[in-house]
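Okay, so we've got a single protein chain in two different forms coming up as structure tokens, structure 1 first and structure 2 after it.
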Structure 1
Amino acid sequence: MTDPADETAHHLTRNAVEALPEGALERQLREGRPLRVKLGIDPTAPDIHLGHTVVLRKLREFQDLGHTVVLIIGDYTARVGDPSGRSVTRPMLSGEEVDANAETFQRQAFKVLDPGRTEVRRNSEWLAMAMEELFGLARTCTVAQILERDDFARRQEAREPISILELLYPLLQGYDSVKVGADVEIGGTDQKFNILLARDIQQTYGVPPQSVLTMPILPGVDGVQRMSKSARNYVGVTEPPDEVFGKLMRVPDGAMDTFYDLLLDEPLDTSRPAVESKRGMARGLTARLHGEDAARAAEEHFDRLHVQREAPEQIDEFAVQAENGIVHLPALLRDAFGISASEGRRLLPQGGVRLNGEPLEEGELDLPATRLDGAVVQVGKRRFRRILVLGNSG
């Protein structure tokens, strides 16, 4: 009970889903040496979002205890495409895309990880192997073993295609663990199969099997689907503070407890009003990514726009050319806000376009330049432009 290794393990696994096999992490910690903790990421999308930081933060905890993180940039496996949680074969990426993404990912990961205790490796180092070696690796598992994985099983059941390349993916990931000598591998619950299979592969190659730590999957700002770039429900770690704050304020109330558990250091206090908790969350996470000052400014900006319904303190200017003293509104909206002119026309009758705070009417397609010059045009609640009229001929 009082064994410090047990306590450490207990702490490290507190918000994890599973730590397998039972007691393995405790035994490793008891050895007293720095453990090699592996995280493999596929640079299929360059930007890190809060969902990634759940796992990254866990790695950081290991680092703070003196352990080493081995961050594997899956530049080779990215070309295969991890089928985990996917119902469709992923598209392949070109070498250049992978390189660019890997570079960005690594830089952003160090917003959370301690670079001093991180070893970055690319799996092309060892996966660009000879056929013979690949044959050897391919011999380590049976098809039945791989098809056991639930998403493969589901696809098989639904008569959906599974490529051989995809079947190979878990093997390649397992081989990564062999090559870097991983003691522990961390991943989302969707990675459980792959991480466990890696143990078998390690043993086949005669190295000690890693232990497994799976973390819950963070939902996106929609509160439903997992946070991912493709679902466009993510909060990127490099997004501007105003965006981070605003996006977090629209997380559904019901998903807040998960966000608190996985991202914040204290649990959600359900006795507080939801808005307060949400503000606390938005403030805390914005501060973590951008600092306290930026978080405070972002909150003020949010209040100004959504509570007081005023224009922001800083508005981008947009210059427009008048014709005969007249500016055509749909064209202006198109150029100034990046929407189509048709969309602009539609927004007018909905009251979605305001001039200095006053809604414009459906018929007002052409406005005199004098009325627009220096005025603030607003689309919806959050898009503003100050208009400057140039070359007012006629």
Structure 2
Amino acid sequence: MTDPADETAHHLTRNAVEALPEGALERQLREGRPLRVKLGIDPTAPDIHLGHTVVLRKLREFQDLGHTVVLIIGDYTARVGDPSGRSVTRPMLSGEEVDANAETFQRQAFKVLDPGRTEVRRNSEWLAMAMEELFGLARTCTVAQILERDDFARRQEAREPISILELLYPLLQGYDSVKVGADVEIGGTDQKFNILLARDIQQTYGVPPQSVLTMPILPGVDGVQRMSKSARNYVGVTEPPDEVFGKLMRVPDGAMDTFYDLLLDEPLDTSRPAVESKRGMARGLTARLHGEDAARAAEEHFDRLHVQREAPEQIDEFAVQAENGIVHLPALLRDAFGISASEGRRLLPQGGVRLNGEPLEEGELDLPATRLDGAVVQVGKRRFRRILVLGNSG
């Protein structure tokens, strides 16, 4: 007979990179009690994207099985800066920035997590400690252990600076696990060192060590770099449905299997045409964030722009003043779309500027006001303005 704990552990670890130590999660599940599953997040940015939801969805799976998620908002560690995967010291944030980001992040995380099974803690509760306590924490680990980290080792070899504060970061993250009594900690693969070190720190303080689940890093819509705002390849969970759908339709075919596995929890059907799979992915993820009706409308909007090449139903208006019955097109593009006049001139011979769906030509720099009034000007594939001519000032 199959052990129920083994079946549950297999379900929970099916798309994880590693579950450590081997067999630890199964042993915890056999205890038959709700586990405390920890995720620590430093609110260094206000918004979360689909990359964050990979870990959040795993946490939700634990919640759906009756376990408690302990979401630690690292309002204190954010002031230190997590060095994981970084080649330089992270810039410091003000307390006001950290607090504002924390509020936004927590609200957006509940798009995935069940608030009723989530315990939200801020690590400033225990990290604003006396010096004697900090000295005790510092004794739990050696400098040699910390410098084994890949990112520290690379920086040391390149003679790049590493602050004492950064060396303390893994200890502070591990102490979070002590204070909340974490049974399981989940994080991206870049967090493996910190999460494993937390086990040692827990044991030093007489707390049963947590098991570890590391999750893959989701690529961005470019299919190459990890999804991040700095790389401008992200899909934000609060972005409008049209933006979510449109961005996901740009995911390269070769990256779709990762999106299906980590975000839709189903395998990519390789017998299906790639464009159909991509639509299914974009539709499903847009619906998850905004609902089925919004996803349908977003797909229709996408088709109007990219398949039928029609203008969207709702277009912002832009008023322009004619001079002697003429509107200078490069100036209009600059004011209406925020592009330079030289960029506007460059787009014209490429067919990058359209008037009522028809491409304008290179020499069409001055247009009659009567031709522009009420017309739709399009720049690129997705930017539209309906032009209102206010009158002839000449």
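Under this definition, the rigid core comprises the largest set of C-alpha atoms superposing within 1.5 Å between the forms. Note that the structure is a prediction, hence the values are computed from the model and not measured. When a residue number appears, read it as a position in the sequence of structure 1, where counting begins at 1.
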- The form predicted in complex with the RNA? Structure 1
- Query: Do you see a C-alpha shift of 2 Å or more at E361 between the two structures, with the core held fixed?
  - Reply: yes
- Query: Taking the rigid core as reference, does the Cα of A341 move 2 Å or more between the two structures?
  - Reply: yes
